[in-house]
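The chain that follows stands alone, in the form predicted alone, written as structure tokens.
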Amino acid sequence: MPRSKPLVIVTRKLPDVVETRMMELFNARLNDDDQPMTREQLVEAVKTADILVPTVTDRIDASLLAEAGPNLRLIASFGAGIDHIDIPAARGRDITVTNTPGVLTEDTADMTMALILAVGRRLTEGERLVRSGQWTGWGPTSMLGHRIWGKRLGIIGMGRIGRALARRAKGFGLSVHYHNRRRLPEEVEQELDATYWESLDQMLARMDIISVNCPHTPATYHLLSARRLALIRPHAYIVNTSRGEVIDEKDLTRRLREGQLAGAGLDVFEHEPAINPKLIELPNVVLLPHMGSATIEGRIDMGEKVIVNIKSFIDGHSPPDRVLVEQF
């Protein structure tokens, strides 16, 4: 007699090819209108699902997990980040958590490099000038930005994305520096021509461009605090494609307004989707709607990873992308 399919509840709309495969393999309940689930809907989902497939917009905290029914045994998150899930609380209820690491590396590194160029060369300011109809033609001192060739790039977090960014930066003639919890092997440093800084403070004070590529964890909340932002030289700028919570956004906005920082390229925000209105007003800031990993190929790859994790779990195997408490 065939085994019944597990009830898989998906909290957001996924690419059609991914949803179709989920319908074939599982008893999948999809979110056709793509509106984030309310708290009440999430409570109902964890009470009834065998497997929950949330995204970064869903807050899976301890109080929500306390409502979980006895059948919920796997949270197969659609995304690489895990800061929206209380991993210890899930483990305490014997719920396995998986994510989708690796597949977004190149896409996010591409977007980070694009932001570095966009801020330094004032691309969005130029685009707005053209669209406004106020451009009067080329001039020798019009829309002057800064050359990035020869500048120093400080990468905070040298994981997959940080290393992919370093490879791109090297091609653009940037001098690569990095701070990481653990120093990279010597052969990797040589490949990337990267300089390691054990002290984040010392690195920040010497860079022309700062890129935030570390995950958000309790240890990295406001890693770029008001004190550390004050260390960055006024001509430098910051790019963040990681998580908004890593930077003290209020102090960052103040420093940008007062000219204590040259500019910023932000794909993520501390309280997204809410954005500080004062940040929106600044012409020297490029703002994107958390689209660093938004490619069709990347989203499909993420969905395929979710499916593999679910299939492995229901077949009695350890999912390949299981998140361990020790990692959090």
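Just count from 1 along the sequence shown to find any residue number. Not measured: the values here are computed from a predicted model.
There is another form of this protein, the form predicted in complex with 2-keto-D-gluconic acid, and it is not shown here; the text below is about that form.
Note that among 26-34, 40-48, 273-281, 286-294, the stretch whose heavy atoms approach 2-keto-D-gluconic acid to within 4.5 Å in the predicted bound form is 286-294.
At a distance threshold of 4.5 angstroms between non-hydrogen atoms, Tyr178 is out of contact with 2-keto-D-gluconic acid in the predicted bound form. Contact check for Thr55: a heavy atom falls within 4.5 Å of 2-keto-D-gluconic acid in the predicted bound form. Met302 belongs to the set of residues with a heavy atom inside 4.5 Å of 2-keto-D-gluconic acid in the predicted bound form.
2-keto-D-gluconic acid is not drawn, but in the predicted bound form it has a heavy atom within 4.5 Å of Gly81. Interface residue among Cys214, Leu223, Leu104, Leu229, judged by heavy atoms within 4.5 Å of 2-keto-D-gluconic acid in the predicted bound form: Leu104.
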